[in-house]
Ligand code: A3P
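The chain below stands alone and is given as structure tokens, in the form predicted on its own.
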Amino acid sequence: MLMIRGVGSARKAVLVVLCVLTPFVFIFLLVRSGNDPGSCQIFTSRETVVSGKDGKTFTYDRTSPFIFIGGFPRSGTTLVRAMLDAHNDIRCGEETRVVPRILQLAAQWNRSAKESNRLHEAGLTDQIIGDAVASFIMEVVVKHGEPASRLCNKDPFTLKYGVYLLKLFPQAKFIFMIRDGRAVVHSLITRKVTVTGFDLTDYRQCLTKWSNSMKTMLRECEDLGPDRCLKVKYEDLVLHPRSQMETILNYLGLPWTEDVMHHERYINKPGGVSLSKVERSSDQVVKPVNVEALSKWVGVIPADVIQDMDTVAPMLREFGYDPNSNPPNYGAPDPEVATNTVEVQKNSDKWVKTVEDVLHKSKGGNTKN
């Protein structure tokens, strides 16, 4: 009898221990992500379930392998997301604009000791705020487009908060788009793309601010590490799209599909590449990959700025661009890109009409600016 009671007590003790430990083990497994930065964050992960038009159900939570595409505006973020959107397993969709803003707000709370103390005094811990921010972002990313096996978000400035994002989504991967800053600024100015704090009448000021912003994003990318943040040069993507897309898909752990080489065929098609009328790059990604935009900045930037380029934009050298090379030598395009470029230039009128038709049929095509 004594032995039986002893065994029963031991079993009860084991059950009690298991009941106490199981929730903690579950939380640990939920957030475990190797040695990645921020992998020790403990959070609440709620599932979001959505159904596609075909009735297929997709389930997402904070451990889902989201893809975040970042970089400075006009650096090829729209092109790479359009190419990925052509992949049957991926949906990126248009810029949300609100994701980087909520991240900026969270960063402001963290940077201000006074504000952070006020929040904590009100019972708003870092975990509560993190859960709320993550829930907001996930709701936006999941529900602003069609469901897919892999969801990605393309809001360029999200990369400024890459390390924090990885704490919120520990299985996320990041793509950092890099482009010659001279081309970026020329595109901003000529296409009148407003960026807070940028004077679109001043090349020198814009190049300096571009350099500072890219320095911040490079630091975030390097803190994330190569397993979490892949650097992709716009020039390489345009000149050698096949090899670059192979690298990107391998990094994301996804199979190759020839569709990514022909994203223009899937514009505004179900499960394809959805475009926004108000995004400045939409008119360019309607066309196949070509080299038209690579060197449009040459001969346009003021001579005094060109002369001081090394000091005006020191990050050019950091990214491997020669500040004294005017025009630059980005390399020769692959044959298929050269063919695309000739076709686009030869049939410019046709492409102007195609752009008009496509953007008219976009989600915002019937709305006023």
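Everything quoted here is computed from the prediction, not taken from an experiment. Don't overthink the numbering: it's just position in the shown sequence, from 1.
The protein also exists as the form predicted together with the ligand; that form is not presented, and the subsequent description refers to it.
> Only one of 107-115, 161-169, 136-144, 78-86 has heavy atoms within 4.5 Å of the ligand in the predicted bound form; I'd like to know which.
Of the stretches listed, the one contacting the partner is 78-86.
> I have 181, 209 and 317 flagged as a candidate spot, so tell me whether each of them has a non-hydrogen atom within 4.5 Å of the ligand in the predicted bound form.
So, no: the whole triplet misses the ligand.
> Can residue 285 be called a contact residue for the ligand in the predicted bound form at 4.5 Å between heavy atoms?
Residue 285: contacts the ligand in the predicted bound form.
> Is it the case that residue 213, even though its partner is missing from this view, gets within 4.5 Å of the ligand in the predicted bound form, heavy atoms only?
Judged by the heavy-atom cut-off of 4.5 Å, residue 213 is well away from the ligand in the predicted bound form.
> Using a 4.5 angstroms cut-off on non-hydrogen atoms, would residue 234 count as touching the ligand in the predicted bound form?
Within the cut-off, so yes.
> Can you check whether residue 293 is within 4.5 Å of the ligand in the predicted bound form, heavy atom basis?
Yes, residue 293 sits close enough to the ligand in the predicted bound form that at least one of its heavy atoms falls within 4.5 Å.
> Just give me the single entry in 73, 272, 130, 241 that has a non-hydrogen atom within 4.5 angstroms of the ligand in the predicted bound form.
That would be 73.
> So which of 262, 204, 191, 277 gets a non-hydrogen atom within 4.5 Å of the ligand in the predicted bound form?
The option sitting close enough to the partner is 191.
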